[in-house]
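A lone chain, given as C-alpha cells: the form predicted alone.
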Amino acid sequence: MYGLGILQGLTVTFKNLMRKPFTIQYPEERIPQHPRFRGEEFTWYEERCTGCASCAKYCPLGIIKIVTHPGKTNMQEGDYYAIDVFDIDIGRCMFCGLCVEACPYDALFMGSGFEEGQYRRQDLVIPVDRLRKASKRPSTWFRPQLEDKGYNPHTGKELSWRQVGRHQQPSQEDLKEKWAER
C-alpha cells in the first residue's frame, strides 16, 4: 500500500519536473493586460465634472465622498458646482464600475493600474488632488469607441477629456459633409 502510493506520487512529480514552468516572476516579468481591465486607479476629468454626485449616489458601497459649493463661473449656460472634496476609498471598492456608468458627463473612468497597495488603510483613499494629477489613461471598459480606435491604456498616450466621451463630437469634415447633403 505504501510503496504503490509513493510510486504514484513520484510519477506525478517526474512528469511535472520536465514540463516548462508556467508561473512568472512578478514584478520582473509581467503578463499583458487586456485594455478593458478595471484596476485600482481612477481617471477623472475635472473639465467634464459638474459636481452632480451621481457617481456617489449610485455607488453600492458609498465609497465616494463629494463636497461641493455653488460655482459662479458658467451662469449663462447654467451654473455648476465647484468641487471641494472628491475622495474615493479604494480600500472598500469592489471595482464594479457602477459609478462610471452613472456619470452622465463622462467625467469618471476606471483606470487600468493595479499596484496601489499601501501599508495604512487611510492611504487607500484617493483625494481630489491625486485624481487631478493622475495620468489620464482610462480603461476601454464601457467605452467601445476607444476600443474601435485601437486605444490601449498600457501602451497608448494620455487622452484629453474631448477624446473619451461616449458620444464623440463630429469632426469639421463630418459637419461639412452633413451640411453639403442638405
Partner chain sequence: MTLKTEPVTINIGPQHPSTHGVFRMRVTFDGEVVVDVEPVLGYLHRGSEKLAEERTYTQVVTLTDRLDYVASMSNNLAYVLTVEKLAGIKPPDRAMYLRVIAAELMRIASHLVFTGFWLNDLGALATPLMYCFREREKILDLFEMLCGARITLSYMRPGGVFQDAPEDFWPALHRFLEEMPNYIDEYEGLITGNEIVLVRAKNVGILSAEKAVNSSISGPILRASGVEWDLRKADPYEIYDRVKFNIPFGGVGDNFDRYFVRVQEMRESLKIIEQCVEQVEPGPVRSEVPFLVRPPKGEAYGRVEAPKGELGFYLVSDGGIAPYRCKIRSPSFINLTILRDILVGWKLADMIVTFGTIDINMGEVDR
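Positions refer to the first chain, counted from 1. Computed from a predicted model, the values in this text were never measured in an experiment.
Another form exists, predicted together with its partner chain; not displayed. Remarks below refer to it.
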Name the single residue among 48, 65, 57, 136 that comes within 4.5 Å of its partner chain in the predicted bound form, judging by heavy atoms. 57
Does the 4.5 Å heavy atom contact test between residue 85 and its partner chain in the predicted bound form come out positive? no
Can you tell me if residue 6 lies within 4.5 angstroms of its partner chain in the predicted bound form, counting non-hydrogen atoms only? yes
Contact test in the predicted bound form: residue 116 vs its partner chain, heavy atoms, 4.5 Å: no
Looking at the partner-bound form in the predicted bound form, is residue 130 within 4.5 Å of its partner chain by any heavy atom? no
Determine the residues of 35-51 with a heavy atom within 4.5 Å of its partner chain in the predicted bound form and present them in sequence order; the list may be empty. 36, 37, 38
